[in-house]
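Shown below, as structure tokens, is a lone chain in the form predicted on its own; questions about how it binds or moves come after it.
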Amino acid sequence: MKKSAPPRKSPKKNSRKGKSTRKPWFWRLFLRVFFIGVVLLAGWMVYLDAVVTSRFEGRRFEVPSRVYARPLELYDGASVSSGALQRELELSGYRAGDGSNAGTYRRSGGHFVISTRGFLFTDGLEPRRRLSLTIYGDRVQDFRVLSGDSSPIVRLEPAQIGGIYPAHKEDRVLVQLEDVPVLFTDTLLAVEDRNFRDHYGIAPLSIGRAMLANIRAGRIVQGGSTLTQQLVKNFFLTRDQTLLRKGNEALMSVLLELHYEKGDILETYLNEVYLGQAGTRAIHGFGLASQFYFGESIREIDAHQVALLVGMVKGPSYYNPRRHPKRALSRRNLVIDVMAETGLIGEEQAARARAQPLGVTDKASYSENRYPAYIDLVRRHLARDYKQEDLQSEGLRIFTTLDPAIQHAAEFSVKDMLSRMEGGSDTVLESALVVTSRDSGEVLALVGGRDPQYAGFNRALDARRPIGSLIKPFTYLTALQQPERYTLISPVEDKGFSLVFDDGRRWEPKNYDGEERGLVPLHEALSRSYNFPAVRVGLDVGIDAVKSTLQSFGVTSGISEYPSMLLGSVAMTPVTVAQIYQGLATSGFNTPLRTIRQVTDAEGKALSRYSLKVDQVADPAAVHLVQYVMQETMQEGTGRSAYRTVPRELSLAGKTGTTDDGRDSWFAGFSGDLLAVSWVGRDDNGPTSLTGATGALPVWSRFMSQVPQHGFSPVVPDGVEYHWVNPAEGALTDEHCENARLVPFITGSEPDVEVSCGGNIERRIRGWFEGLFQ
């Protein structure tokens, strides 16, 4: 009998047993994965939280420093032309209009009605006013304040002429929530996030509706992001459309809402949102956008302007009102509809808003640096007191001395005259022009090349070129400070000679015209710019003494001690030349050139003031004698051709300078108000056919002829007396004698001999009658 087989285990029973053994393993794995996920998520949340709080707790924005021109002051008698006033208004973002709304003006010939915006200066608020004035003969007349606080003098807000931007080129004007009209924030929330005040950073229902709408349309037609999510995306994340980025955006939005108040988040959004592009600069925040598109503060804009700015959030480039006005108008009106539907404005107001034009300015009132050469000098002056990173991020306000009207005249003169000089030739000339206030040393204008918009090589600051005969006034000044040896009628020899150095080399100076005139009075040698007398006098007083004079007037670079330096072989930049001539124009008081009047922080608190500084470096009496000859230069000498362009009644003082083969053409001179230095030459240092009188002087004269100003009428200092002399005889004479000239002398240095023309009765009688009508 077969042994019965043992009973087999039921498969079903085994299956139950297997399930019972796998289930704990699965759940253990699941729990472990879940736990690890929770830990990783918690860690990631901690990391995101640190990112959110660190950025929000610290300085949220890098705000560029803003550079302003000097404010234009308007009053009866103010010197300004009609064209210059209109250009300055446009530079400040004013629009032609009815002159009633802030930031508009109305012009009829020389009559202006201007509605100012007001501006916070460090010495107080210049309030909004409506002004009326007439310009006649480049002077303001009939100045009146039509509305606003009465004042005999009103400052317009200064034009912004540039900025010092962060490396990422973001530009913004920070605004606080309380500065923004309620209508603006309500419209923004009505369009972008109606549940902003209720949600916790994300709005699942909005996301669901957006997903459904997008699925139906087959493309992205609706976004479900809250305003907080938009801020997180712009502030912390990239614009990549990935699930990871969207997840981070949601988490960070919740964290942001947990840590900060709604008002704080909304204010940050107002300052962060991207709203356009100006060249390489990105326009961020509604504060700057309002200035950029309307030339007005966000506090001042109307409902239709509110609608346009809010509408642009959806697509700043697509709805750019300057490039795509039809799209922008359609989008603006859509927002106006929302404003009406939500009860923010009434139907009547909505209809008026829809009827308004876009109202954007033709040009952005906040643009790239308009005057790169001038801003270059401002930066170098700022570098003495401020770190670059502070200038790029602290939102400083820098008030400069630039005068836009004078800068315009300077740029025009350079471009106009270079084109005329070149004619049809292949020679490419370059130029630089520096203009300062004669009294204060404030740099009013600066041109670094024929293309003033080019931000490259700045010839006014960096082109060190031999100055030629511009050095001669300092050589003669050194001599005239020794009145016992030199006066303006001292005979000096205009005759060739040679110097032999210890190594056998010879140096033989030449006159430009190749002529020799023998003995000539010192004033004539300087006003005609003869070379032989200049070298002889310089060697007589000593090269060291001339060098010392130059250094005391502001030369800080090396000066060679070769005799050729007496004819201007020493190289200087146009700005350095302006610096040393400033001392001549101010009677021997060295006045450091300034481009900055004041620096304030973003709230308007003064950080630095750069006031006038003077240092007497030469005897005013001796400088007065040099000024006399520089005036003679303009009347009788090498600068007389200036009066082909400049009105004869404008008294000027100046000096020409030319280097070998016309490689450098210089002119430096001043009126009662302005000092200007011009240079013309080639960048490759090649020869030209120009002299100081045919190259730099025409540029200088063209500039001077365009600017309203007073003539140079120096006050005679103590210790100077005028006497009628016969320079050829070196003796005192009668006023109406032949060759009589009224010449200043340092007291005690006048001639002690006298010649008379007593026999010339006819001339004496004629002189007597002439004297009656002087």
Partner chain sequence: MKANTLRYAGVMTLALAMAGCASGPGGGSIYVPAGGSSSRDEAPEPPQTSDRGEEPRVERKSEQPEEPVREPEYSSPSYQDEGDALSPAARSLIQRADSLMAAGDTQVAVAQLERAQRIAPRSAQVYFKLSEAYVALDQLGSAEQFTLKGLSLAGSDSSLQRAGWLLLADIRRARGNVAGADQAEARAGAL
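Heads up, when I say rigid core I mean the largest set of C-alphas that superpose within 1.5 Å between the two forms. Because the structure is a prediction, the values reported are computed rather than measured. Residue numbers count along the first chain shown, from 1.
The same protein also exists as the form predicted in complex with its partner chain; that form is not shown, yet it is the one meant from here on.
A.B. asks: Identify, from the list 195, 611, 108, 689, the residue with a heavy atom within 4.5 Å of its partner chain in the predicted complex.
C.D. replies: Exactly one residue meets the criterion: 611.
A.B. asks: Select from the listed residues 732, 707, 746, 52 the one whose heavy atoms reach within 4.5 Å of its partner chain in the predicted complex.
C.D. replies: Residue within 4.5 Å of the partner: 707.
A.B. asks: Check residue 661 for me: does it contact its partner chain in the predicted complex (non-hydrogen atoms, 4.5 angstroms)?
C.D. replies: No.
A.B. asks: Residue 136 versus its partner chain, in the predicted complex: is there a non-hydrogen atom within 4.5 Å?
C.D. replies: Heavy-atom contact with its partner chain at 4.5 Å: present for residue 136.
A.B. asks: Would residue 244 count as a contact of its partner chain in the predicted complex, using a 4.5 angstroms cut-off between non-hydrogen atoms?
C.D. replies: Answer no; every heavy atom of residue 244 is more than 4.5 Å from its partner chain in the predicted complex.
A.B. asks: Against its partner chain in the predicted complex, would residue 651 count as a contact residue? Criterion: heavy atoms within 4.5 Å.
C.D. replies: Residue 651 belongs to the contact set for its partner chain.
A.B. asks: Within 4.5 Å of its partner chain in the predicted complex, counting heavy atoms only, one of 344-352, 446-454, 463-471, 149-157 shows up; tell me which.
C.D. replies: After filtering at 4.5 Å, what remains is 149-157.
A.B. asks: Under the 4.5 Å heavy atom criterion, name the residues of 422-460 that approach its partner chain in the predicted complex, in sequence order.
C.D. replies: Read in sequence order, the residues that approach its partner chain (within 4.5 Å, in the predicted complex) are 438, 439, 440, 442.
A.B. asks: Would you say residue 453 moves between this form and the one not shown, meaning its CA shifts by 2 Å or more once the core is fitted?
C.D. replies: No, because once the rigid core is superposed, the C-alpha of residue 453 moves less than 2 Å between this form and the one not shown.
A.B. asks: Checking residue 107 here: with the core superposed, does its CA move 2 Å or more between this form and the one not shown?
C.D. replies: For residue 107, whose C-alpha is compared between this form and the one not shown after core superposition, the shift is 2 Å or more.
A.B. asks: For residue 141, is the CA shift between this form and the one not shown at least 2 Å following rigid-core superposition?
C.D. replies: Moves: yes, 2 Å or greater.
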